[in-house]
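Quick setup: the structure tokens below cover two forms of a single protein chain, split into structure 1 and structure 2.
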Structure 1
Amino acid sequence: MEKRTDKNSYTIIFAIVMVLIVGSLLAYLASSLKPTITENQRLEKQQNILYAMGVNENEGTSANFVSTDNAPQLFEKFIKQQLVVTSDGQATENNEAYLIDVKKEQAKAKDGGVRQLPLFVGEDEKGKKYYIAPIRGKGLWDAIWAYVAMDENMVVQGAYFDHKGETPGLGANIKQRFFMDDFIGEHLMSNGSFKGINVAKGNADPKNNDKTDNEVDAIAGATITGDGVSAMIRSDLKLYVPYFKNLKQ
């Protein structure tokens, strides 16, 4: 005698019920965790911005953020302005500029829209100003991104790089201090024009003593990731040039 559970209709109904139950559970979890995820993303962005301007807990050769507990207070203390910059260099204040999604803004620009450029003006305890810009590009396997702090002459004062899926021990090393610290002091401009910073192999300056050559030493075995970093800097930081030129007028 055929069992009820041997019927095809039973299998189909069982599968449908399971999909509905599992789908409902996932939807509930996604909805209930969304506030926590959003808050964590907000804190991470604040940590990244502070790191780039030198507010961090670095020890020795290790790169360390300020704690998530301290990030909101330190962000409020050191970040004096949040701006949204236009392509002609005009800027308006926006206290939630740090929530602007750079990836979406890049996609908007590709579709012919107007891209919003977030910029954060920081000031340390000695009164020195930092202009921190978030940028995004493509590495070997997936997205790479950074927060670059500059002075009014577009000389790099600090940087934080990160990635989604670069190769451990190779391209993933862009978030190590030996690579990020190499950018400090590097000029983005050359003879009045934007040139960017090239991640170069065999640049005859492995200790990076020359800060005006628009080059830093590449990571061995990570050529494509390094090329992605160079391209990201050229394409995204160039957009801020009109703002810095307006600063000097």
Structure 2
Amino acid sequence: MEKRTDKNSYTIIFAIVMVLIVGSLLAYLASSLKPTITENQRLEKQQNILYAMGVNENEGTSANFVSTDNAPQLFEKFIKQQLVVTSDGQATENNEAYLIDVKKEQAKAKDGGVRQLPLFVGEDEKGKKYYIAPIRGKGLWDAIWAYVAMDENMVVQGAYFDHKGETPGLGANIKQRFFMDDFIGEHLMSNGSFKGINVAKGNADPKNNDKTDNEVDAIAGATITGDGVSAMIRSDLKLYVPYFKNLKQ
């Protein structure tokens, strides 16, 4: 005799009921947790921006953000201006610039639209100014992104790199401090034109003493992630050059 669960009608009803239960459970969970998740993402952005300008809790060789509890106050204290820059170098103030989604802006530019470029102007306790730009690109497996802090001459003052799914132990090391710290002091410009920073293999300068060679040492075994970092810096930071040129005039 055929078992009850073998009937086609039973199978169809079971599938429908299961999809409904699982669907509603996940939809309920996702919508009820969404505000908490969005808040976490907002705090993370603030921590990233602060990290890039040197406001962090780094110890020894490990990279640490300021705590999530302190991030909003410190962001308010150190970030003096939030700007949206256009490709011709004009800047307008926008207090919600940190909510601009770089990925969506890149897609907009691809479709022929005008890309909004967020830029954060920070000032440390000694009165030194930092210009922090968010950038985004492609690694080996998925997206990579960064916040790069520069001075008015486009010399890097700090950087925070992150990734979605690079290989642990290899490409994922772009968010390790030894890699991020190599960028400090590197020049983005060379003889008045934008050159970027190349993540170079076989670099004769492993301790990165030469800051004007537009090169930092690559992570062994992570060639494609390193190339992604170079490409992301070249394509996205270049867009800020007119703003910095205007700044000097």
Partner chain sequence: MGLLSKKDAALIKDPLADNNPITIQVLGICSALAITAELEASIVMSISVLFVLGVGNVVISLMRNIIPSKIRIIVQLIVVATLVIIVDLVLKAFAYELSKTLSVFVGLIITNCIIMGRFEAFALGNGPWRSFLDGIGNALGYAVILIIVGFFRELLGSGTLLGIPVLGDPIEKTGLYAFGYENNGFMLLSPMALIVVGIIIWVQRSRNTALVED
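Throughout, residue numbering runs from 1 along the sequence of structure 1. Whichever C-alpha set is largest while still superposing within 1.5 Å between the two forms counts as the rigid core. All values derive from a computational prediction rather than experimental measurement.
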Exercise for review: Tell me which of the two, 1 or 2, is the form predicted on its own.
Suggested key: 1
Point to revise | S235 C-alpha moves between the two structures by 2 Å or more, core aligned | key: no
Exercise for review: Could the core-superposed CA displacement of F14 between the two structures be given in angstrom, to one decimal?
Suggested key: 3.6
